[in-house]
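Next up is one chain by itself, shown in structure tokens, the form predicted alone.
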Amino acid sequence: MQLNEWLAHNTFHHSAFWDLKQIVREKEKQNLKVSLCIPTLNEEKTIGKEIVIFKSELMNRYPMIDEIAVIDSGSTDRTREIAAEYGADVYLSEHILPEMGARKGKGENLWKAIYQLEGDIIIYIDADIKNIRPRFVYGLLAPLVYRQEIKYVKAFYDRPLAFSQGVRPSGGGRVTEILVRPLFSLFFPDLTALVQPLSGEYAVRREVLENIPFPIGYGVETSHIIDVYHKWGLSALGQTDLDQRVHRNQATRDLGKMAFGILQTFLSRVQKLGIVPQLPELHTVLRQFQVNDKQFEQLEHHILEEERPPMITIPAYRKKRGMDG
């Protein structure tokens, strides 16, 4: 599929899917089960609103979602309590597949959700969205319901940043534009058609999720896109314009840590695919500096983008899904 053809046929706007009853009818016709996963770590300020909106509009009013699950990394605030109070199924990541051990990271939660949840399609939504709307779910689900060849749908949107004084009109997607888009332009030019490859909102068929590895940290979205593109081609990807997503600001230093993890994952992928045959041993310490009492203080962060294997290779998952007879 040519790039311009893909942009014309695999890029959507949520308003095209205004008929929620039709989406539900088509979902039921195909006998699809849909799971919503919200990975969390200390999101007590926004998690309740997300669950209320999704449950009331997309479970009760329009039965589009069959389960809403919060997969938590060990929040120290009231995230889990609030989520349970508002009707979500709540799981501690470390309690899922305990024989595999526990890792810290968003990618770990997303990976374990494949085991825990039952959906033929899993929709992942970040927990820190301040302007949450039902379109964040149905805008991603609908292309999978209507187009069988599409397997993985990413969100994109304008990204104003939320501050204590209000909302700044722009400024989101900085790591995408400074790091990921240049890397894709160099190595995977087709993937530059994705407006926001690092968006935390996407809907995916189980057959895809169970067959790809998951970095446990910052590199999970980048690896997903490269792996889906490599295994199934550009036509398997779609993207939906959700208009706007308001989220909290991250400090530049935190974005540096994110970029460091993403770069590890990216280099690992291009080596495994044979694009770059041999890389030297990569260091895992990111060094940064901050000013403390007029002195430069050195900060060292050990960041290792460990990967979980494809879920389909895990014996407990195969047993649960009846894959071994």
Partner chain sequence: MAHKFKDILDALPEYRTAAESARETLLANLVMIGEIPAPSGQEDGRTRFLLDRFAECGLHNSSVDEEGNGMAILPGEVGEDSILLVAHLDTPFTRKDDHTLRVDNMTVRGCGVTDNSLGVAVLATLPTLLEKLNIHLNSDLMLMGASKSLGSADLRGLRFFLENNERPIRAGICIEGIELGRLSIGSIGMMRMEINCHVPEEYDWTRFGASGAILTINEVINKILEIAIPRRPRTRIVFGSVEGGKGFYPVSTNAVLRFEIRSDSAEMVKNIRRQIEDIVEELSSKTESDLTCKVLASRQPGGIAFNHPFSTHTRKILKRLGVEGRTSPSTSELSVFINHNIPAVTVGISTGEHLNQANEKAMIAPMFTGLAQLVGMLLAIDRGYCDATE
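In this text the structure is predicted, and so the values were computed from the model without any measurement. Positions refer to the first chain, counted from 1.
The protein also exists as the form predicted together with its partner chain; that form is not presented, and the subsequent description refers to it.
Proximity of His224, Asp227 and Arg321 to its partner chain in the predicted bound form is absent: no residue of the three has a non-hydrogen atom within 4.5 angstroms. Residue contact check for Val90: none of its heavy atoms lie within 4.5 Å of its partner chain in the predicted bound form.
Shown alone here, Phe260 lies farther than 4.5 Å from its partner chain in the predicted bound form, counting heavy atoms only.
In the predicted bound form, its partner chain sits within 4.5 Å of a heavy atom of Lys45.
Interface residue remark: Leu32 is not counted as part of the site for its partner chain in the predicted bound form, having no heavy atom within 4.5 Å. Only one of Arg133, Arg147, Arg174, Arg103 comes within 4.5 Å of its partner chain in the predicted bound form through a heavy atom, and that residue is Arg133. Of the candidates Asp254, Glu85, Glu118, Glu207, Glu85 is the one whose heavy atoms come within 4.5 Å of its partner chain in the predicted bound form; the others do not. Shown alone, this chain has one stretch from 281-289, 268-276, 33-41, 47-55 that lies within 4.5 Å of its partner chain in the predicted bound form by heavy atoms: 47-55.
No residues of 262-284 lie near its partner chain in the predicted bound form, the criterion being any heavy atom within 4.5 Å.
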